Every structure is written in structure tokens, then in C-alpha cells.
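Let's start with one chain on its own, the form predicted on its own, as C-alpha cells.
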């Protein structure tokens, strides 16, 4: 997979892309990430990329010309390199909230272009010029789209086969089946009187699996009931949901 990132601050990405999971994914060739500074496309003497908003108001708005020229050159180059399909993603608070399902779908793409904004955002005509999919990582404000794009990149990378050392890790994580992950424990078995559940130390994997499913459902009901979706649960899981809800009434 190739991910092109269009940004004003390519240096923002250097450290995150050089550690942990993303570093492994890049070094093994499972994912390729290229950074593009759209300031270099500005035609102004001072490389200006923003200007005051029409109608007045605080802050500055990103100008169309540098971003559009950068996008058009990049898209043209990728077409010549025989990339058959490109997903254009604009990171903006106007977008659909990013989730695990979206990360899974994007991990199957051949080529993605992420556009990270800054200041007061983009000139709104940008979305009329290109078929963007707008994505938000949450209902809060950031100084720019760089942090948001890194969230998207890492979430996607984890879904690519071979990136994680143990492929089962991704399958067991939170949000995978509309549930939070079960509680986890490691040594020592007793820390200041807080003990690891006996079932996890007994070696009976059937009982352990049953405990983990119930714990996952219990956690979701208590902490994130908004995640529960009966359509995603099998008959066994739905029965456990009903039992736990009765217990908590």
C-alpha cells in the first residue's frame, strides 16, 4: 500500500514513522509513505499558503492554488505509475467519524492520499474540485490535521497482513466485533492484594474463552453501551448481554 500525505509540516511525521509498528511496516515494504509539502507549490514570492477569510473573522484560511497544484501533480504521477484506484481523504472536523470499520476497509486499498489542513481550515471549494472522503477522528479541535492523519495511518497499518507479529492480536482487539476488549493481566498473580482471576490461571482454554467473552461484554455494557449492536452479536453473545443487563438492573 502507498499512502501519500499532503501537509505543511512534513517534519511532524519523522519521529512517529520511525518507531514501533509503523517503522516495521515501512521497513518490510508492507506500506510506503511519502510526504509532500504543499507550500513548495505556492506561486507567491513569500510562499504564502493562507489568507484572511472573505466576510471577515479570526484566523487564516488555506488557499486553493498550492493544494490543488500539489494534488493534481501527485495524482497525475500516480496514474502514470499505474495505480488503478486512489482514495482521496480530507482530514476535517466536518467529516464522518473515523472508526475501526473504516480502518479495515481502507487497509485493502492500493493507494490513499491524505490531506492535512492547518489554521482555520480549507477553502470550501476544495471539496468541489476533488471527490474527497472527509474524515474526522473525533469531536474536538486540533491545531492541524497532522496528528489526525497519523491516527488514520497507524489504524490502517495494523490491519495489513504481516504488520503485526501475531495476526490474532488484531482480531482480539477492542471495537473488532462491536465490543471492548476483555480485561488483561500479567505477572505477578497477586499485587498488593489485587489478584488475577483464578480462571485465567487454571489452563482450561474453553473456560478462559468463555470468561473473556463475558468480560468483554460486561465492560462494553458498563463503559461503552453505545457500541452494542445486536446485528453484530451471535446468539450466544446476545444471551450473555441479556443476562448481564438483568444482573445490573
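Numbering follows the first chain given and starts at 1. Because the structure is predicted, anything quoted here is derived from the model rather than measured.
Heads up, the form predicted in complex with a small molecule isn't pictured, but that's what we're talking about next.
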property	result
Position in contact with the small molecule when the complex is considered in the predicted complex, options 100, 86, 107, 92, heavy atoms within 4.5 Å	92
Option touching the small molecule, based on a heavy atom within 4.5 Å in the predicted complex, out of 126, 150, 163, 137	137
Contact flag, residue 74 vs the small molecule in the predicted complex, heavy atom cut 4.5 Å	no
Partner contact for residue 178 in the predicted complex: the small molecule, 4.5 angstroms, heavy atom	no
